[in-house]
Ligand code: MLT
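Shown next as structure tokens: one chain only, the form predicted on its own.
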Amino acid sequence: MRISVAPVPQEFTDDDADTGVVVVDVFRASTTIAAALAGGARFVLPVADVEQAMRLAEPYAENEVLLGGERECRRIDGFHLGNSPREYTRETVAGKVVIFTTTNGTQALAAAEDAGAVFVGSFVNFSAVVEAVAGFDAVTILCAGNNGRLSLEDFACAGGLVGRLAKRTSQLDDAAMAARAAYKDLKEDLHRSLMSTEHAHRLADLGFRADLEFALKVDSIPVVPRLHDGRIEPPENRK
């Protein structure tokens, strides 16, 4: 297996049809998307901007669509939901279409949209994602980052995925080796380390500390969202 890591979307170049791509945005889009599908949302439509989200909502009846997302970490004016995974409960999202736009996560998904197989990964679905991509000859882990800069939480999650996927015959690019090393270095006190990141501090200051705790619960949501034809849904929906 060939394993690559793109620390930020600007470094993603691998859209080969035979490559499994995992988009990682731990704080918080990947976690929120997994929560939405686990809560019974029909599918999630990731979009780049607010205006596009509003346009895509127009054909749906008011009771079948939810607008979700954030700018500067806060819920967008006029949207039903923000980017807090705790908002996407079964009572709120079951049976609904979620149109979703965020500062970093949906931009990363847009960068990967032409790849052959695109999955959404985080700590909450860590093992399930490993299983989903284990059969690919090549895997690229695309970190959403934070406004074009590396985010340690995404890079460490990528490193953990690399470690689980890598075998003696694996080929790792330099970024994959660096991510794996970062994860190994942080693993013993991963929670404390990732709660201390720049992005975590900002979210905590804005009142979203509980979202951080939610996002760091490993394997708490065994759902693997997959992007296909512009919509994100669990792989089993496509069988």
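Residue positions are given as counts along the sequence shown, with the first one as 1. Model, not experiment: these values are computed from the prediction.
Omitted from view is the form predicted in complex with the ligand, to which the following refers.
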property: Residue contact check: residue 83 to the ligand in the predicted complex, 4.5 Å heavy atom; result: yes
property: Heavy atom of residue 53 within 4.5 Å of the ligand in the predicted complex; result: no
property: Residue 92: touches the ligand in the predicted complex, heavy atom cutoff 4.5 angstroms; result: no
property: Heavy atom of residue 203 within 4.5 Å of the ligand in the predicted complex; result: yes
property: Contacting member of 76, 73, 115, 97, with respect to the ligand in the predicted complex [4.5 Å, heavy atom]; result: 73
property: Candidate stretches 26-34, 56-64, 188-196, 170-178, one within 4.5 Å of the ligand in the predicted complex by heavy atom; result: 26-34
property: Heavy atom contacts to the ligand in the predicted complex at 4.5 Å, residues of 99-132 in sequence order; result: 102, 103, 104, 105
